[in-house]
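One chain comes next, on its own, written out as structure tokens in the form predicted on its own.
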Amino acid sequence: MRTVFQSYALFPHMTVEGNIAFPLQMAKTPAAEIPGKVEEALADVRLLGFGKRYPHELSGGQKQRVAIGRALVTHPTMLLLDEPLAALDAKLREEMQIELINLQKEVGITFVYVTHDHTEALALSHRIAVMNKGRVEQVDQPSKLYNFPSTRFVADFIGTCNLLDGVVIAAESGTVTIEVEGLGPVRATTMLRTAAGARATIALRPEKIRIEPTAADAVCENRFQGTITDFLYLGDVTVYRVSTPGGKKLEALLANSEAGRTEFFESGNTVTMSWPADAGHFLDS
């Protein structure tokens, strides 16, 4: 197994070729074979023509690719990447994420990627392990972790999530109703067996909530009044924070290009939040 570090850990006095050749020299690879292997590694990380440069002559993304090339040159069975993109700016991080995905497909070895950035984990992984204080909470595909978290910690850790805690007041035919303090009765679908009086949580993603100035045509099982307290305009989407009369605060995310959307809400606007029963994921506390 080889490791790619967050700080690159390149030798400043060596050229790109020298840095990549170093593990081969340590492995006592015959000298005649080293140039060909270095050239192959440079091609893998798209740095052909950069071999004679020194680390200080490279961009952050190029340094990271040298570090990856150095790790791959000995053809390990596994590559450990320890937050390798943490030092890069947002645009370069996105470019490098795509390069890492393509590189993993090309070389065909297992990448173990350590990160605290949940969006990076979702974008790069085939399987994710979420750890809490040294204990694995859930191992699953990214879409399963996001949409069907197995615990409250996973729901809160992976992405933004409204966690609606309360007591089950009704359970029948795959649908439960939970009395959520500050909000009221919330309906959710579940295959889990539960009984009235049990504590439970509904994990509700912000993009599942619809907010409108009126509820005249709303047909969802869950409908609540609230007031916009804050909002974040992010270009493609706007995140709204809504407070209910009972003091419960929820976060809703609306696409700014949504069909039929003609207005933006402002702080102080009264709105109706609504979502179907199957939009929230039921967690048995």
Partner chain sequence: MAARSDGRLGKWLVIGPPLAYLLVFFAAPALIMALASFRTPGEFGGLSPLLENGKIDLNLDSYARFFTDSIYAQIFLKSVWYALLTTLFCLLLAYPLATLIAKSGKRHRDLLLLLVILPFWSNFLIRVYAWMIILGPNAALARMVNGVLAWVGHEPVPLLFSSFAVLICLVYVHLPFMVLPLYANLEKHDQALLDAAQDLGANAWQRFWRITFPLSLPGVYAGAALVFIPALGIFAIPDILGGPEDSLIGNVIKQQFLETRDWPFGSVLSIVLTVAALAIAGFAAWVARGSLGTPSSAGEARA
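Just so you know, these numbers come straight off a predicted model, no measurement behind them. Rigid core (definition): largest C-alpha set, two forms, superposition within 1.5 Å. Numbering follows the first chain given and starts at 1.
Heads up, the form predicted in complex with the partner chain isn't pictured, but that's what we're talking about next.
- Under a 4.5 angstroms non-hydrogen atom cutoff, the partner chain in the predicted bound form has Phe22 among its neighbouring residues.
- The partner chain is not shown here, but in the predicted bound form it comes within 4.5 Å of a heavy atom of Tyr54.
- Contact check for Arg2: a heavy atom falls within 4.5 Å of the partner chain in the predicted bound form.
- The partner chain is not shown here, and in the predicted bound form it never comes within 4.5 Å of any heavy atom of Arg65.
- Contact annotation: the partner chain lies within 4.5 Å of heavy atoms from the stretch 55-63 in the predicted bound form, the single such stretch among 37-45, 243-251, 55-63, 222-230.
- In summary, among the residues Ala31, Ala255, Met26, Leu234, the only one with a non-hydrogen atom within 4.5 Å of the partner chain in the predicted bound form is Met26.
- For the stretch 1-16, the set of residues having any non-hydrogen atom within 4.5 angstroms of the partner chain in the predicted bound form comprises Met1, Arg2, Thr3, Phe5, Ser7, Ala9, Leu10, Phe11, Pro12, His13, Met14, in sequence order.
- A movement of the C-alpha atom of Thr229 falling short of 2 angstroms is seen between this form and the one not shown when the two forms are aligned on their rigid core.
- When the rigid core is held fixed, the Cα atom of Val239 travels less than 2 angstroms between this form and the one not shown.
- With the core held fixed, the Cα of Pro276 is displaced between this form and the one not shown by less than 2 Å.
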